[in-house]
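Before any questions on binding or motion, here is one chain by itself as structure tokens, the form predicted alone.
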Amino acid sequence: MAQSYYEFFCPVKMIAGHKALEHIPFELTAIGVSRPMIITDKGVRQVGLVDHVTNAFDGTDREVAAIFDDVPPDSSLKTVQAAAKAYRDQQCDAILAIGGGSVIDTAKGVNILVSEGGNDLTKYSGAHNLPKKLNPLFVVPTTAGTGSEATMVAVISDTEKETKLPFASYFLMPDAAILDPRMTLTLPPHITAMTAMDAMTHAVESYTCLSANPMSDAYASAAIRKISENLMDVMATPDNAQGRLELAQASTMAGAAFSNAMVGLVHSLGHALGAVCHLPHGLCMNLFLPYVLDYNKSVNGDKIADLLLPLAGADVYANTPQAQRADKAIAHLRQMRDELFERCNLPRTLKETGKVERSQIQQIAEKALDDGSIIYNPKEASLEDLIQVLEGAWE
């Protein structure tokens, strides 16, 4: 049922294509930026992806004033503070984030400190605690999954307190996202699969959960179609530049969708599993997606049925009776997971991860019950319900 009232906000400029990187200097010049700082990680820099961006400045009157490449896989307050110091020391006036989710979250945190002043990031934690627009932030994703280039959220770890601090504000949204297939061509198969299924889950949950609206539905369904049509081609032919671009666009579309429509129980379970067993987020999303859709089907089967069209195409959708479309959509996702398991051993069950003990199910369920995403799930879930879903996902 459509909501009687909703809001949709995505001010991020999308710059996409096979030569998108070359447009960065012009875009910076247009907003008066002359000394951008690159924030990235050592892995991205070592494989030469940062060079693609710095080469775009050759022959222009703009220069990269500093490169900070010490971002860990799980960003922290200390990392943000170190990068902010480098930004100030080099008198930078904008940030170029080149990387995946951790790099982008770090850049958002750095932008808070260099825009607001000081070194205490914790006072801005929570929702809508930023008073004004921040300094310019451009994002160049090197994975096609998190969608962070189009969201208003960031998560930074407080390693001393062993907690993760969430940040949510419209002012955290980047000024521009630059999507260029050169930045994802070197992704190994298992990372390609995990990140794509992360984006798929963002899109599916934003479409099927309680805060879905017509605008987010449009972005979500387009993202689902692009992933379904291109993922296996890219897995078979990793240097398929057009396919890579389609997946990158899908990730950004899914990010815009879930930033407005939120996510649900797949994310609650995935956050809990990641915290307890230290498994990658995309792996958790891929693992739980069909089990949660099965659980929710009794209350939102019509929305799940809609997914069959972008997932499987017009012919399959038209030839499937209405009453069978929800089950067919879930079956199609299972088929995708089976193929990814065959191609890169991406786990489909808790047991297949090799890192989860059945005795941990209770702990995972308890953490999931306290996760904020669960409030947007279309079907309420008790601790016993979550345990049942987890048992179903065991093998």
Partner chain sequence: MKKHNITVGLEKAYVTTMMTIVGRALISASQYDDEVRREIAGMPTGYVLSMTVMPSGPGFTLRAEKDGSLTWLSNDTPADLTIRFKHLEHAFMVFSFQESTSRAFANDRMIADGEVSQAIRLVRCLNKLESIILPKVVAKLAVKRYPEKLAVGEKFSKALRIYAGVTQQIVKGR
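Positions refer to the first chain, counted from 1. As the structure is a computational prediction, the values presented were derived from the model and not from experiment.
One more form of this protein, predicted in complex with the partner chain, exists but is not displayed; see below.
- Shown alone, this chain has one stretch from 209-217, 247-255, 305-313, 88-96 that lies within 4.5 Å of the partner chain in the predicted bound form by heavy atoms: 209-217.
- Contact check for Y317: no non-hydrogen atom falls within 4.5 Å of the partner chain in the predicted bound form.
- Interface membership of A236, defined by any non-hydrogen atom within 4.5 Å of the partner chain in the predicted bound form, is ruled out.
- Under a 4.5 angstroms non-hydrogen atom cutoff, the partner chain in the predicted bound form lacks A323 among its neighbouring residues.
- Contact annotation for I387: none of its heavy atoms lies within 4.5 Å of the partner chain in the predicted bound form.
- This chain lacks the partner; the member of H18, K379, K13, H23 within 4.5 angstroms of the partner chain in the predicted bound form by a non-hydrogen atom is K379.
- Residues of 260-297 placing a heavy atom within 4.5 Å of the partner chain in the predicted bound form: Y295 alone.
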